[in-house]
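To begin, one chain is listed below as structure tokens, in the form predicted on its own.
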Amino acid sequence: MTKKATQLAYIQAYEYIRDRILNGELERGTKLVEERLAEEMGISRTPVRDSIRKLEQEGLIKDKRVVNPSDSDLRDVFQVRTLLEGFAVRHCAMYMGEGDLDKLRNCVEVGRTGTMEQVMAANKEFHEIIVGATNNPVMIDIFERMQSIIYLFRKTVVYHKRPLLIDEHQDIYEAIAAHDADEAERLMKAHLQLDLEFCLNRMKG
């Protein structure tokens, strides 16, 4: 297998297992068997093993068994995410350069005009640019470990068209561009809180 093929198999395995956990197909407590999953996907065991390890880091698997996040788990993750992105967006308002500002503005534009998949990607990039701009490897690593939960929320808010989602991104971008750190932090925290409440309500429904 080439390096690229191995990476593609890993992404395929990661997304396959993650999505089946998040949509409830793999229930809490289900033991994951590498050989069976590899056979289902038609790939070798190595990418399956690597993807299980990644999902363990993200809190969806423990001791090879599925852990479906509860409402309480989701709120805990969002508390950490709010602190992290609140700090990150303040940093951006003080130090972000023109190149990253242009990328943020482009994410907002794609959010208004793109296809569902493009909006998903732009939403992901918007938050990743903000966290990445801190150049803080510990912060970026913590953010990475929340990716499965963040994906679940991103999919919910985009596919169910949460009102004002992109307007909030626009307001955050404008506060960063205006170097207004207090307003940028306030807007980001409010934005993430609305994401959380919207998603928890959709899941109950």
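Please read these numbers as outputs of a predicted model, since none were measured by experiment. Residue positions are given as counts along the sequence shown, with the first one as 1.
The next section is about a form of this same protein that is not shown, the form predicted together with another copy of the chain.
Heavy atoms of no residue among 7, 16 and 100 are located within 4.5 Å of another copy of the chain in the predicted bound form. Contact with another copy of the chain in the predicted bound form, judged by any heavy atom within 4.5 Å, is made by just one of 32, 67, 165, 142: 142.
Mapping the unseen interface onto this chain, residue 57 counts among the residues with a heavy atom inside 4.5 Å of another copy of the chain in the predicted bound form. The closest non-hydrogen atom of residue 118 lies beyond 4.5 Å of another copy of the chain in the predicted bound form. Although the partner is absent from this view, residue 137 contacts another copy of the chain in the predicted bound form, with a non-hydrogen atom inside 4.5 angstroms.
Contact annotation for residue 171: none of its heavy atoms lies within 4.5 Å of another copy of the chain in the predicted bound form. Of the residues in 59-92, those that come within 4.5 Å of another copy of the chain in the predicted bound form through at least one heavy atom are, in sequence order, 76, 77, 79, 80, 83, 84, 87.
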